[in-house]
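Just the one chain here, laid out as structure tokens, in the form predicted on its own.
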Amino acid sequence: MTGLAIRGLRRRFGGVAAVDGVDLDVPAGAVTALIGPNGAGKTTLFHCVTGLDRLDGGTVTLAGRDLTGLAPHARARAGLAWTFQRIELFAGLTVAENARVGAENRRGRPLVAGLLGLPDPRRATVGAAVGLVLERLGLAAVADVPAGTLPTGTMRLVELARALAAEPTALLLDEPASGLDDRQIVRLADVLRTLAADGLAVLLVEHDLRFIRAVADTAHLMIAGRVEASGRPDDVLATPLAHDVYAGED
């Protein structure tokens, strides 16, 4: 399969199944949304897919490559990138430097050049990738600003820039619209649709239903560790289960 494939994913905490045998396809060229109430297991699933938490069962493959036993940094170099529900940035580095971390992590540094203290021949390529990502996300004007001094919404975009600078095959986003203003949300939606059109596999967890309807091709409703409904966002949100979860929301 081209994209991300999750099969039989399980994670238990004591006697509680936080993720209970989840099968999920995240195809290349589309935006896939994972929705559901707090405590459904969505973030735990993300952590298991990225390697930040261990599995109790199941497999994770990306473009046919088995990532299940790999450490997080190895999964990143294999083409998996992600952002966190709680923003994780290098606060003392500039916006551009944060993005450069992502670009250099994916490419690595040539062994011989590193041992001999020689310049990295790919430095210009990394710089170009960083510049393109910052421009795309509307961050070029704050490229030289320390990331930790920026508003929360802008910091979330910086974290996304770092992930995109790694030129991933699959991108996982945990509540990417949280803290963004209306203008930033519109830009983010445009960016995600463009990235998917360019062939990226995108999986996002999000509570903003308007954003889900605007950007997602497919939605999966997760409740108590299991995926209980899947389909087009409007169809999933029209189910009785979704109605019970989101009663009173637009």
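Small disclaimer: the values here were computed from a predicted structure and weren't measured. Don't overthink the numbering: it's just position in the shown sequence, from 1.
The discussion below concerns the form predicted in complex with a small molecule, not included here.
- The partner is absent here; in the model of the complex, the one residue of T218, T50, T44, Q184 having a heavy atom within 4.5 Å of the small molecule is T44.
- Comparing 59-67, 196-204, 33-41, 209-217 against the small molecule in the model of the complex, the single stretch with non-hydrogen atoms within 4.5 angstroms of it is 33-41.
- By the 4.5 Å heavy atom rule, the three marked residues F13, V16 and Q85 all count as contacting the small molecule in the model of the complex.
- At a distance threshold of 4.5 angstroms between non-hydrogen atoms, E175 is in contact with the small molecule in the model of the complex.
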